[in-house]
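The form predicted alone is given below as one chain in structure tokens.
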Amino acid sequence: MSDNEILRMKGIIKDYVLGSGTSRVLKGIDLTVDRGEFLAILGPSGSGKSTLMNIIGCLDVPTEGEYYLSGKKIADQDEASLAQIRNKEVGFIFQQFQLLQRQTAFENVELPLIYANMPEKQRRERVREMLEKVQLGDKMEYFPNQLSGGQQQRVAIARALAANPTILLADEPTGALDQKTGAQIIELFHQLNEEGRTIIMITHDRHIAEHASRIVRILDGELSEGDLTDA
């Protein structure tokens, strides 16, 4: 990997066993992502984009191929190391927010820092900083059901940022939001990217993908760059 590369995939194949047969979902994916890049992976339902996202986020492993993240060969990591990589290297942002409903905004953002064994004083300062960053400094003690969809996604972004991850990995981050609120979330992504954050956004929506600085298209388990007129 070059000094500026944060992620490199070479020949990634993912097979699933279905009954007596095998289904190949990813068919030799090659992908590099540079530090500070804002990349969109664009594809329809069933294209393999969710499987690719899970491998990028170390939630799943490929059947074949090589994957390096921040210089680490993922195939060489044991489960404890993979859990540490997920906590420190990847900040996940999901379509349905995935907030704990019985925890306040503050407590939701604090959770990954507890897992990271950050000291309490430092942890609480970091949570306040992140919630203020997403303009929710006045909503720290609110529960998710007291927040709008856009506010809940901002809490999720604050949580993803809390451990200062190498990559923000966003799965359909505007999919559960109205157009105006979705545009506000994309604007927040632009601000974070301008600060140097590396963002990988998975989406089926071409108009959302066009906000990224680079788009790759996935279709039938194969990745390509270039003309998106059919997307």
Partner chain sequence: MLNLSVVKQSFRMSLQNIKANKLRSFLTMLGIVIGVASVIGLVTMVKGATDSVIGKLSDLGAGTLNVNAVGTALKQGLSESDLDRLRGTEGVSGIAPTASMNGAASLGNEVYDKVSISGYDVVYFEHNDILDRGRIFNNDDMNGDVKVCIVDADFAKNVFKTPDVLGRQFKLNGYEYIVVGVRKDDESLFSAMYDTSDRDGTVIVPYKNVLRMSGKQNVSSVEVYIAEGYESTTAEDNLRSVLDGIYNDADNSYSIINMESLMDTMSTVTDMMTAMLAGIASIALVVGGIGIMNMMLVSVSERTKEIGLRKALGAEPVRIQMQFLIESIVLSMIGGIIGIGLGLLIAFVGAILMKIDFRISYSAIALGTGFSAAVGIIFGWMPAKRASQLNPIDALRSE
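If you're wondering where the values come from, they're calculated on a predicted model, not measured in any experiment. Residue numbers count along the first chain shown, from 1.
Keep in mind the form predicted in complex with the partner chain is missing from the figure; the text below concerns it.
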* May I ask whether Glu125, Gly137 and Glu141 all come within 4.5 angstroms of the partner chain in the predicted bound form, judged by heavy atoms? => no
* Structure fact -> For the partner chain in the predicted bound form, the stretch among 128 to 136, 146 to 154, 67 to 75, 83 to 91 with residues bearing a heavy atom within 4.5 Å is 83 to 91
* **Contact of Leu59 with the partner chain in the predicted bound form (heavy atom, 4.5 Å)** => yes
* To do: Mark Gln95 yes when one of its heavy atoms lies within 4.5 Å of a heavy atom of the partner chain in the predicted bound form, and no otherwise.
  => no
* Asked: Is Asn54 a contact residue for the partner chain in the predicted bound form, using a 4.5 Å heavy atom cut-off?
  -> yes
* Looking at the partner chain in the predicted bound form, which residues in 149 to 171 have at least one heavy atom within 4.5 Å of it? -> Arg159
